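In structure tokens, the next block holds one chain alone, the form predicted on its own.
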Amino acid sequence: MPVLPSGVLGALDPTSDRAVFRQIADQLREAIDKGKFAEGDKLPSETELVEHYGVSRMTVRNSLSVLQGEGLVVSEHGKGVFVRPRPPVRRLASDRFARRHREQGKSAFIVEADAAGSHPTVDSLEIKEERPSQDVATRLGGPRRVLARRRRYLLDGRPVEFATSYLPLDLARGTPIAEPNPGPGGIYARLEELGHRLDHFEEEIRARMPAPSEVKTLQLASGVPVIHLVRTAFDTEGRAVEVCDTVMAADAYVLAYQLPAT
């Protein structure tokens, strides 16, 4: 039978009132936290854990399920259980919408993908005119109709976010914004070309567990939450020119902020 290297995992405490499968999960979690198993590493197999702890296979599976539910590990069918990699994309709020990126013909997603050394793609694109929800209408100042742009973003072929932009129809209809490819710099560059120079953005962020449709769209593993972000873009006249509703895989991003000290 396979034997684990000495010192990687400890022994069970028979005097503890903590369930055995939770003790095993605790030890695996601690080993991950201490770097004994690095991101991408394969955890000991079920057989190795059964032998090491002297427990049933079901007990080991329950332990691994705890770690999967916490988002620490991911199971790959036929291969084993692996430590989940850390988020590859650093989303720096103070820089991602800088005008210099648009002037270079780059959208925020392309800038972040370049920084992460990843290949960005977009699919599941849908563009349509529709009646906005009450929340979107309120944020945009009450338009009856909007242009909605829905799309899914991928890095190296992996879905990482799904976003919908809502723009007042009087701004977007008949412009490149209504085209599948709005051109270099994305829709913000087109808005500025139309005379709506962007002044600032407001974002609301919350974390939650995903809906079933979001699990499917983002191909999320068990236990992975999502980051739900709603952003409103304002021009220099104070008009709200876009609302973007984005759902991101929480294991794909680090949200970074630079805040002034006042």
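The term rigid core refers to the maximal set of C-alpha atoms that superpose within 1.5 Å between the two forms. Source: prediction; values computed, not measured. Numbering starts at 1 and runs along the sequence shown.
Another form, the form predicted in complex with another copy of the chain, is not on view; read the next lines as being about it.
Relative to another copy of the chain in the predicted bound form, residues R144, R152 and G157 are all farther than 4.5 Å at every heavy atom. R99 belongs to the set of residues with a heavy atom inside 4.5 Å of another copy of the chain in the predicted bound form. Contact between E39 and another copy of the chain in the predicted bound form is not found at the 4.5 Å heavy atom cutoff. Mapping the unseen interface onto this chain, A250 counts among the residues with a heavy atom inside 4.5 Å of another copy of the chain in the predicted bound form.
Another copy of the chain in the predicted bound form comes within 4.5 Å of no heavy atom belonging to E237. Interface residue among P212, G54, G35, G195, judged by heavy atoms within 4.5 Å of another copy of the chain in the predicted bound form: P212. Interface residues of 186-202, taken as those with a heavy atom within 4.5 Å of another copy of the chain in the predicted bound form (partner not displayed): L198, D199, H200, F201, E202, in sequence order. Core-aligned CA deviation for S75 between the shown form and the other one: 2 Å or greater. A displacement of 2 angstroms or greater separates the C-alpha positions of V66 between the shown form and the other one, with the rigid core held in common.
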